[in-house]
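Okay, here we've got a single chain as structure tokens, the form predicted alone, with questions on binding and movement later.
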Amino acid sequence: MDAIIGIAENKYTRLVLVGLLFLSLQTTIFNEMRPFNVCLQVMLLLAASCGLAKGSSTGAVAGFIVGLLYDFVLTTPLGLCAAVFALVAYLAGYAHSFVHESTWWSRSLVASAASAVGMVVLPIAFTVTGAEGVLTLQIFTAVAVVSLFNAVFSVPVEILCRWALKDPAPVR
């Protein structure tokens, strides 16, 4: 029984559950809702927010988990999104470590920049692995739209990530 409770209290278990919720939103609502013909990337937002919430090292692990969840529904090579999302989460946590006094807008700015990096690296990674027609001029529109969307919603998603990735209370 203690093993089951230990699994339920694990921060990465909570992250997987939150990630599955975001994955369902990504593959349904946000797959159909395409402003400027761009698919909004809430999974990338979740990865960047994990980095902001818990720093670069925990964020990288969380970003890898979130990317792996996304990889399971894509037809791309397994682990490609996981590697890119780990990089995005690491960069978000690392870049934010240089901010002296954290504000909501500095967090949004870092999430936006990390999302922009992810939106540039992802098509390059797809092209390197053999996908064709992914790296086009549409990337500039995609970077702008996804960065703006992720900047707007980064603060509430970061609060959710902070809850999901909190360490369990010590046992007395």
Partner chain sequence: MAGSTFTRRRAILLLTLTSVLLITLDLRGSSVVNGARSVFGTIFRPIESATRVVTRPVQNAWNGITHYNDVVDENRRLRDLVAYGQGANIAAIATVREAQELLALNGLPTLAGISSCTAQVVGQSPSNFSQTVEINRGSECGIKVGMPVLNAAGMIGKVTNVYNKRAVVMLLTDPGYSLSVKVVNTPPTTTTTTVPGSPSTSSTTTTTTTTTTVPRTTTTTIKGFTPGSTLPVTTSSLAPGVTAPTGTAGPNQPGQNTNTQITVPAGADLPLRETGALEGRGLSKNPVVRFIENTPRFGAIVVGSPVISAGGATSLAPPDIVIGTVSKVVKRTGTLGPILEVKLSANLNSLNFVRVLLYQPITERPTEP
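Positions refer to the first chain, counted from 1. Computed from a predicted model, the values in this text were never measured in an experiment.
Keep in mind the form predicted together with its partner chain is missing from the figure; the text below concerns it.
Using a 4.5 Å cutoff between non-hydrogen atoms, Q41 counts as a contact of its partner chain in the predicted complex. At the 4.5 Å threshold, heavy atoms of M119 reach its partner chain in the predicted complex. Not displayed here, its partner chain is kept clear of S108 by more than 4.5 Å at the level of heavy atoms in the predicted complex. Although the partner is absent here, L69 sits close enough that one of its heavy atoms falls within 4.5 Å of its partner chain in the predicted complex. At a distance of at most 4.5 angstroms from its partner chain in the predicted complex, all three residues S24, L78 and E132 contribute at least one non-hydrogen atom.
Along 1 to 33, these residues reach a heavy atom to within 4.5 Å of its partner chain in the predicted complex: L20, L23, S24, L25, Q26, T27, T28, I29, N31, E32, M33.
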